[in-house]
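A single chain, nothing else alongside it, follows as C-alpha cells in the form predicted alone.
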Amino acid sequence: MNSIETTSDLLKPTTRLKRRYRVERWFKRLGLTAIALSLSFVAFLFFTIFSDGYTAFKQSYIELEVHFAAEEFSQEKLANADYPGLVKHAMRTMFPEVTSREGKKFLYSLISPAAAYTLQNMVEADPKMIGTTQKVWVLADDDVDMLMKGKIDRSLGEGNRRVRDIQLAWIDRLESENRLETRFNKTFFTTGDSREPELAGILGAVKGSFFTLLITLSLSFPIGVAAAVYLEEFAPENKWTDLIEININNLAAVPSIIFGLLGLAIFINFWGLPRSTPMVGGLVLTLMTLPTIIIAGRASLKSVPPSIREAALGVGASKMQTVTHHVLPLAMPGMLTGTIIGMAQALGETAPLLMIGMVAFIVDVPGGITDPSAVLPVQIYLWADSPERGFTEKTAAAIMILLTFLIAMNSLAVFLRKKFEIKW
C-alpha cells in the first residue's frame, strides 16, 4: 500500500515542473506578441505608403477652348508658334474680368507648363486644326492638383497655403462648369523625371533599372555559377581555396557603398567609362551580388546527395559529365533562387549607384545601356529630397511600385524553390 502511494506521489507534477510549464506558456505568448507587433508595424508602413501614394495615380486636368489663329503659325516651322501665348489667351477668354498683371499671373499659374507642349503635339499631328477653335484638356498645375486631391486645406488662411483665395474662386468656377476633373495619371508611367511634379514620371527610372539589372544578370549568373561549381566540385582542398572561401563570405557582408567606391575608382576613373549609365551600374551591382550567388550556388551543390555523383561515375561518366549532366541540373533550382534574391537586393540598392553618378537629374528616357539614366531607388531618393508637396505622393507611389517588383521577385524565388525542390 505504501509503495502505491509513493508511486502516485512521484507522478504528481512538482513545483519546479509547474514553473517550467508556466515559463513556457509565457514564452509562447511573448513570441506571439512579437509576431503581432511586427505584423502591425509592417501593416502600418504599407498603409502609410499607400495612403500617401495612391493619389499619384490620378491627375487634374482643365478644359480650354483654344483658338489656333492662323497668323500665329508658320507652315515651315510649326514648332516656332507661340503655344504658351495660345494657352494664356484661352485663359483670358474664360476669365475676361481678370485684367491686372498680378491677376493674370495667378490665373496663368493654374495651368501646367506642359499645356503648351500638348498644343504643339496636337498641331504637329494634325495641321488642319490651324484656324479652328478646339476644346483641349490640359494638365493643371501641381498646386491645383493637390487642392483637388485634398492635400491642401481650404480652411487655412491665405498666407498658410499655396493657393490664393482668388484662385480658389476660379477653381470652384471651373468645377461648376465641368471644366476641371481628375483622370488616371498616365503621365506618371510614360515620362521621365521633371522639375514640375505634375510632369514627373517613372518610365526613365524603370528602364534604367531594367538595363542595369540586365547587365547584372548577364554577368553575375554565369560567373557566379561557374565559380560555385569550381569551388565545390573541382577545387583542391588547400589553404588557397580556404582563403578564397573566406574572402567570398566576407565580401557578402561588405557595405554596399564600398562597391560603389570600387566602381568609381576602377570603372570610371581608371577605365574611363561614362558616368550615370546602366552599364557602369550593372558592373558595380555584379560585384555586389556575386558573393550571394556563389554562396547560394555552393549550398545547392552540397544539397545534391553524393550517391548521384557515385552512380554517374560508376557507369563511366567523367567528372565533367557527372557535374554538367547530373549534379548541376539538380542544383539549378536552388541556384536560380539565390540569383533572384541577389537580383532583388540589387534592385533596391542606392548607395553604390550614388557613388557612380546615377543621382544626376536626367529627364530623357534611356534607350540603351550607355545612355545616362536613373534607377528606381535613386529616383525615390531624389523625389523625397524635393520640397514641393506634389513630389511627396510621387515618392510614395514610386515606393509602391518598387515594393511590387521586390515582392514579385521574392515570390518567384519561393515558387521556384517549392516547385523544383527535391527532398532526398
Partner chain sequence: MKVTSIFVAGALTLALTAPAMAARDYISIVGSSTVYPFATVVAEQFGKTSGSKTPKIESTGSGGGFKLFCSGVGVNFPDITNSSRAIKASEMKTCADNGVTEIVEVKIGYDGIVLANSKTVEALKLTRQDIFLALAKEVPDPANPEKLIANPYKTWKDVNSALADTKIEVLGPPPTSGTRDAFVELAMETGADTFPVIEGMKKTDKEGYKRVSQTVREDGAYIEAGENDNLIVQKLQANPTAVGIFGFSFLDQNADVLHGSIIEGEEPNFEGIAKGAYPVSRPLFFYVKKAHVDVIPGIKGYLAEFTSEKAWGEEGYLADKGMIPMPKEERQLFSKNVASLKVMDMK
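Residue numbers count along the first chain shown, from 1. What you see is a predicted model; the values in this text were computed from it and never measured.
From this point on, the text means the form predicted in complex with the partner chain, which you will not see here.
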ask   = Taking the partner chain in the predicted bound form as the reference, which of 135, 275, 173, 92 has a non-hydrogen atom within 4.5 Å?
value = 275
ask   = Just one of 166, 214, 223, 299 has a heavy atom within 4.5 Å of the partner chain in the predicted bound form. Which one?
value = 223
note = Testing 125 to 133, 331 to 339, 276 to 284, 173 to 181 against the partner chain in the predicted bound form with a 4.5 Å heavy atom criterion leaves exactly one stretch, namely 276 to 284
message = So, residue 57 and the partner chain: in the predicted bound form, are they within 4.5 Å at any heavy atom pair?
response = no
ask   = Going by a heavy atom distance of 4.5 Å, is residue 195 a contact of the partner chain in the predicted bound form?
value = yes
request  = May I ask you to state whether residue 386 is within 4.5 Å of the partner chain in the predicted bound form, using heavy atom distances?
outcome  = yes
message = Is it the case that residue 154, even though its partner is missing from this view, gets within 4.5 Å of the partner chain in the predicted bound form, heavy atoms only?
response = no
query = Within 4.5 Å of the partner chain in the predicted bound form: all of 43, 149 and 409, by heavy atom?
reply = no
Residues in 334 to 362 close to the partner chain in the predicted bound form, defined by a heavy atom within 4.5 Å, in order = 357, 359, 360, 361, 362
